[in-house]
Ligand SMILES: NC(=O)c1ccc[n+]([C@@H]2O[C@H](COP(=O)([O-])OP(=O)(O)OC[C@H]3O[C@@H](n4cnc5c(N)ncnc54)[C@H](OP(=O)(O)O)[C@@H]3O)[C@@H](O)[C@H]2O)c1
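Coming up is one lone chain in structure tokens, specifically the form predicted on its own.
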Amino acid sequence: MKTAIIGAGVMGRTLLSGLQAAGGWDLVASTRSTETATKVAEDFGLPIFTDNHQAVADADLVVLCLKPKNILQVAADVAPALKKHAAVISIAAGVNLADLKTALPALQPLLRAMPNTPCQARAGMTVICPAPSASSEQIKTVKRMFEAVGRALILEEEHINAVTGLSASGPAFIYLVIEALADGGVMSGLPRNVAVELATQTTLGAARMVQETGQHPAALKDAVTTPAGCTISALLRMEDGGLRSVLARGVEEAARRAGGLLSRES
């Protein structure tokens, strides 16, 4: 299927890279800057346009990798050039399917996708929310697209703000946790580079244990906490500081802010 990526920023280039590596995708892209178009064309060996109409011509999938404040204007601009049954996918936070529908032909198949930055390492998490206008085959194809850069799930749009707060904002929370763990290691006498490596691999390993064993995180935590040991002592100190509540409330706050993102950027 011919796939047009509109916007060659970080996520646009991440998708191009992942799909190229996966193979089997007919790719083009567009960006506003001639300089950027030239650079991306050199990097990927693909047609990169500065005219969005050229990019979407004959495309079966059109992925709008744009900021919320720009997406409706660009969608309306490319609408006349879209194929009748081309699926349009938006990755913009805060722009719902109803908003997008107002800028496009009434029966245009639409989907929202919320990827996160670990897609750059092909370890991302993307949630896809299809409109009723999207066919089952289009939904499967878009899911396969984002699986080129990590994992993907299909959910109803009512969950998208919570998804934004958890998996899209979540990497920043985990980076803070890694930094804090490394600081603790430095405070305990470790060289900074060693502390960062230990904290990073420990975080990666713990996440993989949850993912691959299917056990609840609480069960895996209990397996590490021997009676009267150092781990349970440290966990109680963290609970005294409200770590669990602070992280949960952080997700809640990010989700709340995501719900009003478009109105604030407009």
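From a predicted model like this one, the values you see are computed outputs, not experimental measurements. Don't overthink the numbering: it's just position in the shown sequence, from 1.
Not pictured, yet referred to below: the form predicted in complex with the named molecule.
Candidate site formed by Ser17, Gly24 and Ala148: none of these residues places a non-hydrogen atom within 4.5 angstroms of the named molecule in the model of the complex. With the partner removed from view, the residue among Ala134, Val127, Ile91, Leu72 that has a non-hydrogen atom within 4.5 Å of the named molecule in the model of the complex turns out to be Ile91. Contact with the named molecule in the model of the complex, defined as a heavy atom within 4.5 Å, holds for exactly one of Gln54, Ser33, Thr213, Gln201, namely Ser33. When contacts are judged by a 4.5 Å heavy atom cut-off, Gln138 does not count as touching the named molecule in the model of the complex. In the model of the complex, at least one heavy atom of Thr117 sits within 4.5 Å of a heavy atom of the named molecule. Contact check for Ala4: no non-hydrogen atom falls within 4.5 Å of the named molecule in the model of the complex. Contact check for Gly9: a heavy atom falls within 4.5 Å of the named molecule in the model of the complex. Here the chain stands by itself, but in the model of the complex one stretch of 229 to 237, 203 to 211, 216 to 224, 64 to 72, 64 to 72, has heavy atoms within 4.5 Å of the named molecule.
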